[in-house]
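One chain comes next, on its own, written as structure tokens: the form predicted alone.
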């Protein structure tokens, strides 16, 4: 019986490694092809001129102003979208858990709703709203912050809600309040340190979403890095593919850090339980 269990466990390990290997090849092969294309010089020689040009920001801004404008817009969109998403979600989700638990399902439904609506449909609904935004604020690409915050709600809400589910936030808040702490202190010094990894997860997911979004920015005639990549693909495929590869690698690194943060949270929780 013990030998049968060992053989079954061995087969399962082999099957897992086979699946991981196949998926790794499927994922890495297009990236390797992109890298080979961007480093291919005249006559099939190896050259890194494209990558040197990509990281020489002064030359990049002069040679590809569209790409430089899109990169700057995406940089500020990342910062603003992450800040607005966390400022809206963290206090709301914590307050609902503490004071309005009956509204939890309603808040969850509202936050997850953008996940069920295609981006093209969102654009149809957002276009009249953005007509007023342009009238009052202007037509800057930074106004996409509002649309990206809506798109990020499902992912950020799930990450923050999972982090709050791992702690007894009501007991922590009541203990802090009994010691004379105000609600701002409870939020900043009690709740946030205990859901730091969940907040980082929400931020990383928002960054990955903003860096990869194309449909809304294109249809609303705004600039971001994906729109710039699409425009450059018609004139300079090499630099366009290099930027695409860099964006994919950055998103992969962010998701890897996200999984690392989640594993660290689970390990710390197990250590607290055993102690």
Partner chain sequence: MSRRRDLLGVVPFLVFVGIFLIIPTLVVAIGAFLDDQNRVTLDNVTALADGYIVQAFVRSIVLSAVTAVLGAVIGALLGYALVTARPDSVVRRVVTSACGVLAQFGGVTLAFAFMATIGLSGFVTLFLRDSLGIDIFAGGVWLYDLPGLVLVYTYFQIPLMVIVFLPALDGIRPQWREATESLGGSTWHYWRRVAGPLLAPAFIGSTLLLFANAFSAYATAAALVSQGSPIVPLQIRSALTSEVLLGRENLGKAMALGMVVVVAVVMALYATLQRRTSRWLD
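Every value quoted in this text rests on a predicted model; they were computed, and no experiment measured them. Numbering follows the first chain given and starts at 1.
There is another form of this protein, the form predicted in complex with the partner chain, and it is not shown here; the text below is about that form.
- Shown without its partner, this chain lists 199, 71, 173, 205 as candidates; in the predicted bound form, only 205 has a non-hydrogen atom within 4.5 angstroms of the partner chain.
- A heavy atom within 4.5 Å of the partner chain in the predicted bound form is found for exactly one of 86, 169, 133, 160: 133.
- Residues with any non-hydrogen atom within 4.5 angstroms of the partner chain in the predicted bound form fall in just one of 191-199, 117-125, 73-81, 160-168: 117-125.
- Put simply, residue 129 is close to the partner chain in the predicted bound form: some heavy atom of it is within 4.5 Å.
- Remark: residue 218 counts among the residues lining the partner chain in the predicted bound form, judged by a heavy atom distance of 4.5 Å or less.
- The partner chain in the predicted bound form comes within 4.5 Å of no heavy atom belonging to residue 46.
- Residue contact check for residue 241: one or more of its heavy atoms lie within 4.5 Å of the partner chain in the predicted bound form.
- Counting a residue when any of its non-hydrogen atoms is within 4.5 Å of the partner chain in the predicted bound form, the hits in 63-101 run 84, 88, 89, 92, 95, 96, 99, 100.
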